[in-house]
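Coming up is one lone chain in structure tokens, specifically the form predicted alone.
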């Protein structure tokens, strides 16, 4: 049993909301950190309001920021394929991110992903807590280190806990795995197929758990 010292259970209170849709509406005006200043859209979670599985990534990417929807870019497309291989229907999952605005560095005409810092993750934890509270999933999937930190603080590590289902007193069990963007970075390497198979095996534990 893991007792987190940060994450949604310890999030700074936000506006009073009574439903998932009201939380989504309230988040549109979020000023809890400065990332809203340069982002095109706030990207809230999407999926069935009573999904059994809730997947958490790091933050929206360029495509997600422009579309205002989570996991619609290359990482999302790869996640879809891996979920399908694992026998999981993404349409039955609620998908969100630890941070709801795209953090980036401009480089010419391109916007390059920049990892959110601890303060930004903690500032956004209240929205993730609201999603968890209203969706009430049976299992949460942490996709990568930022998602895992947002959920369980520093007590859990992807390198150590990958593939494990961690139980805590404050939220549903958390399945630990990598972010699909990590696979994109190794597509041209000899180990690419093995890496993807391992990710699919991690995701297959969703069905085993449920």
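Positions refer to the first chain, counted from 1. Computed from a prediction, not measured in an experiment: that's the story for all the values here.
Another form, the form predicted in complex with a small molecule, is not on view; read the next lines as being about it.
- Segments offered: 117 to 125, 70 to 78, 104 to 112, 130 to 138. Contacting the small molecule in the model of the complex at heavy atom distances within 4.5 Å is 70 to 78.
- By the criterion of a heavy atom within 4.5 Å, residue 45 is excluded from the residues contacting the small molecule in the model of the complex.
- Taking the partner from the other structure, the small molecule in the model of the complex has a heavy atom within 4.5 Å of a heavy atom of residue 59.
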